[in-house]
Structures are given as structure tokens and as C-alpha cells.
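A single chain comes next, written as C-alpha cells; it is the form predicted on its own.
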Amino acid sequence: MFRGALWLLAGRGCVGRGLSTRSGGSTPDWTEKVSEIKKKIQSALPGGAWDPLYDTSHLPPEHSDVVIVGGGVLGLSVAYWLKRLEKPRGAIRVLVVDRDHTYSRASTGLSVGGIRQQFSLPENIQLSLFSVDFLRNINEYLAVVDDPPLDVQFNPSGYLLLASEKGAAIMENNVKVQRPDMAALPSVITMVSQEQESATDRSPSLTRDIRQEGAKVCLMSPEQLQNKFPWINTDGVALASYGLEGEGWFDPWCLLQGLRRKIQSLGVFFCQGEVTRFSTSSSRMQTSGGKEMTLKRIHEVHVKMDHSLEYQPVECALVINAAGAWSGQVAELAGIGKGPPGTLEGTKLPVEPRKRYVYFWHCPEGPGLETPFMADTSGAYFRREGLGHNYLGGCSPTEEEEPDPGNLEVDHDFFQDKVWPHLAHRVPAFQSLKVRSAWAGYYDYNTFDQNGVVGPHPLVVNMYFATGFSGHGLQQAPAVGRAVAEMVLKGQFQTIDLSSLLFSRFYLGEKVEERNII
């Protein structure tokens, strides 16, 4: 578009050469101006130095093999693995488009940074195991020559999940998913009950290591819980699961900036703007059952520049939808979900923004350095922040209590009414806590089954997804990025099989529910 304008200006410059005074001599001032214009035009043409009449440095390139919509940690991870796995080096041109390069509203930077393997699905366990190894060896992956090493400040204090009598059965079932051979063992809940009834002075030894998927977690009775963490009130707790290694929290901002720095060094392009439209073409095909379907292919991504009416079309071969809480809207731009209800064409991407609050408080008498990331039976959670008896925490609201996602204002009454009473009950020292600050961020919430969406769309054949993780996308981003890159470059998942997380499950009604959402 801009190249054509430059050629047009070049043609007009030739006319300028004929301008002269009536005596036949050129006006000196005008000659200088024409000469300056000619130099600028010439510099913009092939073979010349780039010093254009119109500065286009803020615009994305006109062509890119892959356009990634969303520059959060998932989008950056996809970009990283595409460049790392490409052959030969420099074969793929990648553009990342994001609305806000300050990341002031990005879910990544507003997260509490937890990472765990205590999930109910093998896929989620494997994703987090891969990611914790990535974090532990982050400088082997993201080091940049002459730049300082990264320190994600990984704190391996573990996760501690508490279950009531009602939730204990679910916790035990989760263990059986993680370790199927436990199905042949006596019920852990029964064993806990028997231990409670026996009065012995032996040291607690009721543990079940969960290693089927590589995770190391132990189940604890209330007595063991009290012995391990004396600051906990075990009232109402029937069972607990505690991560012994590879769980805790880290600095999300460091991971985000580390990925961004690395992929810039690998030649990835960045653009601050908003994707407003896709140019597509369609073709009809017939299934083996004789049903006709329409396949779409995206050819151009229209990017509107930030704080401007200006836009730039970008020709591309493939689009990655990693737009987080807004990925459902991006999918609609490609026509996804706009067909008749009940059809594949009419199946929407069920991802929407859900607002979540994080509160920061101080409590001089609170639990110390051994404190894990704890999730209460009520859903309230907290973790230690630093060394000065400071803590981060919150609680996911019920469906009826879901706040308006139209802004990021914090409801301080929610902490007072819904969070603090549960925290003070479980950790009596928190009765005297003082909230110092709070903020809100977004979950990319999958309303269908609270699990991620990974891989290509079945009808918009060159749109791929990396979204919908409903609160655990940050901790799984390194693994998800590799999975998407493998699907793009190899045509299949290789490191971790994520076939169960494909888009088609929404149409088929096959829920892949994750029970351990915090």
C-alpha cells in the first residue's frame, strides 16, 4: 500500500524537473527542495537506505508467515517455539500483535504466579511438569548474548489443597486419575478415618506419592496437617494434598519479559495495535457422509494502529489466536460461531473475560517461610509474598457473584465479606491482617469445561488456538507454546498429546473437565 504511494510520488517528481522560470533558469530554492525530495524518494526505493517521506516504523510488515494475536505469555511462548523449532533458521517470519505493550491490563502481569501439578487431568499435569522444568532451566532456553541472566524467583514451597468431607471423595478421585494403580488400594478416606480413631504415639506416616504422571504429591490426614503446619485450624478438613516438589510460585513479569527479549533477538516482529478484521476466502467440500461444509482461509489480518484511524493489512499464511480473555471476540472476526445453531459452523469459541481480584495484606503474626500456596475448602487461597509477613490471596466468586468484566475496579467489600472470614477461620493469625493494596485481572475463562483450547479450527483451517486456560495458562505457557508450534510445523502434537483440547470437542459436546480450578 505504502510502496505504491511512494512510486506515485516518484512519478510526480519527474514533472517537477521541468519547472523553471520564464528565463529558463531554475529557482535556486525550488531546485534544492526538488533535490531533497528526489533523495528521499530514491532512498525509499530498492537498493537505497530507508529514510522515507512518511515514517512507517510503527506499522507492522505487509507480509508475515504467522500472525500471533495477543502478546501475553501464551502468545510469546508460541512465537518462541516457532523460532526455536524452525528449520532452517530464519525460515519463518513471525509477527506478534498486541493492544498494549505496557501490559498494564495483561493477565500475565496481574497473576499471583502459581505453578502446580495437582490437577485432575493427565494433560494438565504433564503441561505443568514441562513448564516447571522450563522455569528451573530458564536461562538454557531464554538466554540472550550480552544480556544479564533471568531470575524468575521460583519459590518451590508447594501447593496445599484442603478438602472437606464432601470434597474428599473428589480429591481421592483426582489421585486415582493421577495414579490409576491406587484404584486397587483401600480408600484413602477410609484409612484417614481409621487413623483418626486410633490413638498411637507413632509419627504420622500416611502418605501416597502420586508419580503416575511424574508429579510428587502426598495425601495428609488432619493430624498430619496440624503437625506439619501448626498455624492451620483443621476444623472441617477431612483430607489434604501437598506438593512435595515442583510446585510453588514465580515472577510472571520476569517470564514475560524474558520471552519478549528472547524472541526479539530471534527476529520476531512486534506491533502495538488491534486486529479488527480478517480477509478470508471460502471453498465448499463434501464429507464422506455427503454433507457439504464451507472451509475458510484467512489471507489478511487488518491491524488498526493504537490511538489512530490508521490500519495496515498484513498478508499471512497462518493466525494464532492467543488473545486471552478476548479470544472469543477474535474468533468471531473470522466468522467462527456465526453459522446455524447446533452445527460446527455455529459453534462458538466459549471463552470470555472473567474478572478476578487479588489482595495484598500484611500480618506480623502470620505463617512463616515454610508457608505453601494454600487453597482452603471454601475456595479462598493465599501465598507468602517476600520475607516481611506479606501475603497475596483471593477467592473465585460463585456464578451468581461474578463481577462486571467491563472494568478492572476492585471490590474491597468482596474481601471483607467473602475472603477474609474464610482466611481468618483457617489461619487464626489472619484475624488481625491489614490489606495494603489490591488489583483485578482477567481469566480467559472457558465456560464449557474450564480447560484450554489448543490447535487448529476445523473449518477456519489456518487459525490456531492457544487460549481458554481459565486461570492456569501462565503456568502452562511454556508447554502450550511448544505444543502449538509442533502442530504448526509438524502437523501433530509430539511432546505432549493435547488432542483432547482441540476445538472440535465443543461441537461434539465432549467436556474435558478440570476439577482443580483455583
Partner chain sequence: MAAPRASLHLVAPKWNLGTSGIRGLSSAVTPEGNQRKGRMLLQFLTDRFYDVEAIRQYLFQKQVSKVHKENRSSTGIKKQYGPYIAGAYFVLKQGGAVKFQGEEWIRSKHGYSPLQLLSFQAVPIEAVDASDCAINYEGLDNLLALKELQSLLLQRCPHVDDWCLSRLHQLANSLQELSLAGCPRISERGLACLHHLQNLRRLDISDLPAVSNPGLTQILVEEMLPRCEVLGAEWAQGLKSGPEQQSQDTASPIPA
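Numbering follows the first chain given and starts at 1. Just so it is clear, the structure is predicted and the values come from calculations on it, not from any experiment.
A second form of this protein, the form predicted together with its partner chain, is not displayed here; the remarks below concern that form.
- In the predicted complex, its partner chain sits beyond 4.5 Å of every heavy atom of residue 277.
- Proximity of residue 170 to its partner chain in the predicted complex falls outside the 4.5 Å heavy atom cutoff.
- Contact annotation for residue 303: none of its heavy atoms lies within 4.5 Å of its partner chain in the predicted complex.
- Although the partner is absent from this view, residue 369 contacts its partner chain in the predicted complex, with a non-hydrogen atom inside 4.5 angstroms.
- Heavy atoms within 4.5 Å of its partner chain in the predicted complex belong, among the stretches 91 to 99, 324 to 332, 143 to 151, 68 to 76, to residues of 143 to 151.
- Site annotation in the predicted complex: the residue of 363, 298, 254, 225 reaching within 4.5 Å of its partner chain with a heavy atom is 254.
- When you look in the predicted complex, the only residue of 345, 385, 123, 352 with a non-hydrogen atom within 4.5 Å of its partner chain is 385.
- Contacts with its partner chain in the predicted complex, taken as any heavy atom within 4.5 Å, map to no residue of 333 to 350.
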